[in-house]
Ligand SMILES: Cc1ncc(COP(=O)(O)O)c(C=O)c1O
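Given as structure tokens, the chain that follows is alone and in the form predicted alone.
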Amino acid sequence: MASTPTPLQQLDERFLLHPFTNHDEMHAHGTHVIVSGSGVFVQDAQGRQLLDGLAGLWCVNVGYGRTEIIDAVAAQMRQVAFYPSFFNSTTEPAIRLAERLARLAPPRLKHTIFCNSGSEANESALKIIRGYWKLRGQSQRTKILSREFSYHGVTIATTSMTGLPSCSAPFDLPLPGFIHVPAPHAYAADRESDPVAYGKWCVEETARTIEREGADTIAAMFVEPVQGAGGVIPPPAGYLTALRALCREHGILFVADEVITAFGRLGEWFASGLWNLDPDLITLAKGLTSGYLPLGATMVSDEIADALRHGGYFAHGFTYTGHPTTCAAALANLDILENDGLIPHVASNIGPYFQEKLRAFAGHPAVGEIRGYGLIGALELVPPGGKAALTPTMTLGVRAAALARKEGVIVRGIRDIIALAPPLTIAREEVDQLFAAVRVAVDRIWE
């Protein structure tokens, strides 16, 4: 039986619409209100401390309560809280951050336009790509390739790219010209016994799609190096290399959507470097500020930037593009990642330990598959009847996430999947605490 709603929960029910929420279900139990955070923990309005095993929403990479970011934001707001990058103007933090990203990113990517989120970063990429091809005299290149199980945002266009029917079907999307090709999700295709072969088939099927649609009509392909919200799907060996070569062969721009994977999650500044993707564009958000303030970015190659710079009036941007306070937060966040050595720490220490504890679930009767890389992971859950007994309404991952929260940890439930991506600052004993709670949840799902 649900407890009596608090005054704050009552106000929430009356006035606030939540993203990605079944409101009737939520308000039947009362909104979970978080009031504070420190390190890898948050505290709710009932005084419970919870280990945040999802880093907010895949983003609080440096943990909660970092005074370095808070102080940098306060100092910038005292100096100039906001001024736009319109009117042939900008501010110092935007310039400094663009230069910093150019030093960190893959070599051809030296130019950045800022925005407010990952959705806007991908939306900006879409418009830049259309403008680029028009300037190149190939305005027939308008089609966009993306993959099933992908997540690229929630604007009209980025939802059309997102390969999750639960996101697109309620809005009668996708729009025409957005084409989905198979993702290398071998488990979902019942090909988990040979994921490399299935990845090769996915590339071959993508090639057939390109031939069918006409390569000269396709503008770009958007690819998450590790698919996140679709279920934490790392690429099988050889897949990304072959996909990148296929796009290059047909002159199709390659966009690495690194909204989740950049800034240390996989033990590198950019996941593109792990697989030598050499993208034409990269889209960023989340770990760029560790979620302390909203900020997204679209980085483009020298070739694209040159075309835009000499192509006349560039009619794109947002009021808060290059917002000085959010850029100051990003600069302080990047300082923490660098000064604390968090990225090599993920690569050689806490990432391998996290994966060891994740893969200790191998053989558990409720676990059908384990996937992960660095500090991101997923468990595919199955009922007592096994994978064949799964039904679309079971949502074992959602149920397990609720059980884990009762044990004091936050994870994400996606369909029948438990997804995990804790802050990069998590200690080994905290990893142990995280997985101890997950084990209780998985055991109870099996009961």
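The first residue of the shown sequence is 1; numbering continues from there. Worth saying up front: this structure is predicted, and the values here are computed from it rather than measured.
One more form of this protein should be noted, the form predicted together with this ligand, which is absent from this view; the next part is about it.
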Candidate from Y151, F270, F178, Y132 lying within 4.5 Å of this ligand in the predicted bound form - any heavy atom:
Y151
Among T142, S117, S168, T90, which has at least one heavy atom within 4.5 Å of this ligand in the predicted bound form?
S117
Is there a non-hydrogen atom of K286 within 4.5 angstroms of a non-hydrogen atom of this ligand in the predicted bound form?
yes
Just checking whether V259 would be counted as a contact of this ligand in the predicted bound form - the rule being heavy atoms within 4.5 angstroms.
yes
May I ask you to state whether N122 is within 4.5 Å of this ligand in the predicted bound form, using heavy atom distances?
yes
Close approach of E224 to this ligand in the predicted bound form, 4.5 Å, heavy atom:
yes
Sort through 187-195, 81-89, 317-325, 152-160 and report the only stretch with a non-hydrogen atom within 4.5 Å of this ligand in the predicted bound form.
152-160
